[in-house]
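Below are two forms of the same protein chain, given as structure tokens: structure 1, then structure 2.
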Structure 1
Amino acid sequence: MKVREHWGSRLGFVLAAVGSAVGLGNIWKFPFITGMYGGAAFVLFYLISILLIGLPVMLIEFSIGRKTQLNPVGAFQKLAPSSPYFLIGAMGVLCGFIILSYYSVVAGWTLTYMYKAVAFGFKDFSSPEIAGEAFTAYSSSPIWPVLSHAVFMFLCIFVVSKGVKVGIERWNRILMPTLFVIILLLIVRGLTLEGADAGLKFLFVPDFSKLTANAMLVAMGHAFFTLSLGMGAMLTYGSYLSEKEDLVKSSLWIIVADTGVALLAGIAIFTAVFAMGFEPAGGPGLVFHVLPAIFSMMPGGNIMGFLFFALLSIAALTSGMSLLEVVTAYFIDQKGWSRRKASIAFGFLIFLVGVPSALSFGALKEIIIFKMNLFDFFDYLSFKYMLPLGGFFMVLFTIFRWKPKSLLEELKRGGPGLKISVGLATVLLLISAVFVGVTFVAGVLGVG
């Protein structure tokens, strides 16, 4: 029997888990949905959603992973043998596979724009419209999006194939501090721009008249997505933990770091957006349309542009590693594959599945499913259905099969000072289940 790998240290685990949570959702999606849904009031409800939805599900995933020392499928088979609960884990593995297939495409865009900032600069992007036309030309190319997607998947395979300690942990120890340094440099530059205070006001002074029911649902959905929950990533990372780890304390650190990066990214982006006189509600085009135009007008914009897209690329890579690890761990545990074979084989398969998404803005744009191109369809399927469903069933499993008492026992193994009754834990889990259920129903109904 193979000896299971473990994290080399608590810091290594926390940095890896933060790396999984901190991704494009923090630095790309969070700022643009904050801009679309009114700023500070949206941020406040998002923080509440993180505590009500994110923390309970994260604790469940870490606890199940550490308790079983297995991948998502094997974990549920061990806790509930001869039952269909293993399908929760199977959906997590499939979800991680699907998400990485199109997530890698976006990550490839960030790598390309990091190169563009150095090689050509953004001097020709004098307006968001011109920058948007350039991005459309690039994303509809039959070659470049596929090539950049391939480069990103190669990086993920390279790291994951090295293992938990030598690969994932070691690279997160390098990449996560680098990410924080870059984001602080961008904040300093943003704050030195005239008119930056308007961006800070937009982000931190709430106007509750702008907090609509739709905005609340978006905040709840993003709180779930941003922490890498429901896709088996945190459960898999938890399976490499020792019983000495304080799961509650570590989870709180991860949530604080993840939310902190999102807010810091908001400061870096909105100080520049307001200072240069642009519209904060730029939607998904904020990063590839509006920001390149801002960098073209800003003194030192080439350097800032390179740093920003390097920041995006690092965030994408640390999340991409965890998504590939979910699939890799399944084939190591359940099928007895070597790590190298599993990571290369399924990294390549994920690349192939992602090619249609990479081409869905050009050569395959005529392929429409439910009024969506292939990229948007995979995003919709995973974000609106698979993630909330996975989290919902995981909470129900904990309440009715594994039991809150077992969860608390596992949490107290590394944190004996935890004082919470089984009754209160059950109530909190039920509240979390309701919120996750509402998020799922809203997605099905097309709200939020």
Structure 2
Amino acid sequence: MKVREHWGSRLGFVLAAVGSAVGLGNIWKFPFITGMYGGAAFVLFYLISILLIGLPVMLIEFSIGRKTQLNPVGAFQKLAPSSPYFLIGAMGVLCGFIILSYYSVVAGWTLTYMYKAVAFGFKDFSSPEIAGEAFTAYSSSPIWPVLSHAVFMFLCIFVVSKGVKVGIERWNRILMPTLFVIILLLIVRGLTLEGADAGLKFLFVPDFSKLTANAMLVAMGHAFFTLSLGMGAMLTYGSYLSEKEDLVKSSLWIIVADTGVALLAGIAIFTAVFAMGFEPAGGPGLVFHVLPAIFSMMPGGNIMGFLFFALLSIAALTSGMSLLEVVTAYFIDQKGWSRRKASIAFGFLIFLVGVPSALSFGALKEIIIFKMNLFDFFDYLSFKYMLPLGGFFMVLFTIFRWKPKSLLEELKRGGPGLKISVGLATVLLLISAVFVGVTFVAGVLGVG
């Protein structure tokens, strides 16, 4: 048998996991869904979800991954042989496939805008209407979105095919510190704009009348999405860990970094949106409509704009590689494929599956499933349904099959672990399961 690859260092692992968590979810999606679902009350429910389910599910994924040293399907098979639990892992691999197929489309948009910033600056986007028209023309073209989607998938394949240490870890070590520097620069710019306080109010002063059950389900689904949980990405990254890692401490760091970046990105974007007098509910196009117009008006806007889209591209790449790694690891472990072959073959297949999403704003926009275009359909299917269900079943698996005692034991290897009794751990896990279950059912039935 081949020896399993491992992370080269503790910092390398944490940076890679933060790289997976911090992505388009934080900088593109969080602001636009916050705008669509009503602002601060939505943010509050999202933060509650992070606390109640983010930490337990992350601990479960890392523990199962490290314990089994396997991909999501193999991991559940090893811990619960001859049972249907492996389906949790199988749904995860499928979900990684689906998410990456449309995620790469948005990542391609960000790469294009980064290029546009360098080549032309933002002077042509003098109002959100003009910027919006330019974005519509670009995103509905039959060629450019597909090409940029191809470039992004190529980058993911390039990194993942090199391996865990030399590919994923090395690139995260370079890209993640760059990302933090850029976001700090953008925040300073946002906060020093006149009228920035309206943006802060929108983010932090809740109006609960806007919080419907559907909005709660979106907030909870987003908590899973933003932390890369519920589909085995963190499980896969955990499977490259050795016994030395303190899983509790690392998880806390990852959660704080991810939530911090989402809130900081929210501040940077909403201060600018409100200061310039624009509408926050811009949908998926928010950062492509409103922000280019803002950059065109702002002193230093060309540089800020370039930095912003570079930030998005970096965040997308470090997450995209973790999505591809889930699928790749499955084919390496379960089917005996080489890393090179698995990453190239499935990277290419994911590219093909993503082409209809890339065209769903133009040539294929007439194709509507459940009132959504293909892009939105894949997005909603994965983050509103598959991730919460995956997380829910992982918690149930831990309570009823693997047992909370085994989880606590695994957490103790490499650190002080969680100093709580098995009884308390069981109660906390039950609370998470009930929270996910109730929010899910209420959201699906559209209560409230």
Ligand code: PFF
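Throughout, rigid core stands for the largest set of C-alpha atoms superposing within 1.5 Å between the two forms. Since we're looking at a predicted model, the values are computed, not measured. Numbering for residues begins at 1 and runs along the sequence of structure 1.
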Worksheet item: So which is the form predicted on its own here, 1 or 2?
Response: 1
Worksheet item: If you line up the core, does S82 shift 2 angstroms or more at its C-alpha between structures 1 and 2?
Response: no
Item to complete: Note yes or no: does the Cα of F154 move by 2 Å or more between structures 1 and 2 after the core is superposed?
Response: no
Practice prompt. Determine whether the C-alpha of I48 shifts by 2 Å or more between structures 1 and 2 once the rigid core is superposed.
Written response: yes
Discussion item. Could you tell me the distance the CA of G221 travels between structures 1 and 2 after a rigid core superposition, in angstrom?
Written reply: 2.7
Worksheet item: How much does the C-alpha of F204 move between structures 1 and 2, in Å, when the core is lined up?
Response: 4.8
